[in-house]
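There is one chain below, alone, in structure tokens, taken in the form predicted alone.
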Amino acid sequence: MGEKMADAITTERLTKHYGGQRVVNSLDLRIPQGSVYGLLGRNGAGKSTTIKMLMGMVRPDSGSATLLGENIESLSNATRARIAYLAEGHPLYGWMTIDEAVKFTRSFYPRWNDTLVDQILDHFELRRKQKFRRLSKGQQAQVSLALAVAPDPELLVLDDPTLGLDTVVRRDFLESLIQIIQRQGRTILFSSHILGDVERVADRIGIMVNGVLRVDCRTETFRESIRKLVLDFAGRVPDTLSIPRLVSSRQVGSSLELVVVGYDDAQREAVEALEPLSIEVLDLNLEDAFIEYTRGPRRSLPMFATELENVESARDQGAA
């Protein structure tokens, strides 16, 4: 057995209120070193607030967090230099040229990879004499990426980095990010509204619903575990359901659509007991699985982080 890799990010019961509303609720998060972690959730779920607390921009009401083994309340300058942050909207001084922004940012870091900056700027065909305010949103994102990775950070945190970018620019940005990810030992935490992006680059995901981390597992585990069942009935559609790990149910005409996690024999038997004419089991991509999961009845939405891992473990043991 090899030595377990340390966590690059940890939180313990991290909590934040705004105006009496708890926007992040007792968040316990573990992001292993070297992983690419996609933090997901609908607008207002608590993603950006979580990232801003980790980055020291928002002070938590309670709980604690560490980055690269140090408490966020007392990060040393040496540890800060090992962390890069890409803010939503890519804010930089508009009056600066790209070259001035590079020199300004470089002054804060003991380590700086000028060659990498040159490669990224050349790749995106960006001229150093261009002023930041005259760049398109896509170009601003590209400059921000160059500045973020130039210090060769061990931890890279990105808050919705592709927001507002058109499809072609977003794909190019993402492919550049993938190349950066492939550097050994680098950890990336990013939030995104574009689930196709997450599916391409993240090996683990967390899903927040109303400030609570409801899912924390490998990306493929979540995608493969969420199933939609379509049940057709000859007569009245049953309205009383007793199905394990049921996320949501919806009647459509004489059919009943169910969304479940970890479809297994116990669920199949419970569904068959309803005596439908037919049962169709549909696979979902990550985006569809996310939509079906997060639009479930919020008050009764079960937390599937542990259950998903248990389903995956049982499946692996059965295959052994």
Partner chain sequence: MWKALAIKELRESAGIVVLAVLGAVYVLGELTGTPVFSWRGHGLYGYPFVSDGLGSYFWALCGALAVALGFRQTAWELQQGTYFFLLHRPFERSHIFATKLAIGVALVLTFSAGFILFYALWAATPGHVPAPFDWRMTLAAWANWTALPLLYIGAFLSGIRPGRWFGSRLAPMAAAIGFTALADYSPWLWGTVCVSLTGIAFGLLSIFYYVRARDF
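Numbering follows the first chain given and starts at 1. Just so it is clear, the structure is predicted and the values come from calculations on it, not from any experiment.
Heads up, the form predicted together with the partner chain isn't pictured, but that's what we're talking about next.
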Non-hydrogen atom contact Phe124 with the partner chain in the predicted complex at 4.5 angstroms: no
Might Leu147 be said to contact the partner chain in the predicted complex, defining contact as any heavy atom within 4.5 Å? yes
So, in the predicted complex, is Gly56 in contact with the partner chain at a 4.5 angstroms heavy atom limit? yes
Touches the partner chain in the predicted complex: Ala87 (any heavy atom, 4.5 Å): yes
Please tell me which of Val169, Val212, Ala81, Leu116 lies within 4.5 Å of the partner chain in the predicted complex, judged by heavy atoms. Ala81
Among the candidates Asn77, Asn71, Ser242, Gln179, the residue which, in the predicted complex, approaches the partner chain to within 4.5 Å (heavy atoms): Asn77
Within 4.5 angstroms, counting heavy atoms, which one of the listed stretches 107-115, 244-252, 228-236, 189-197 is next to the partner chain in the predicted complex? 107-115
Residues of 18-38 having any heavy atom within 4.5 Å of the partner chain in the predicted complex, listed in sequence order: Tyr18
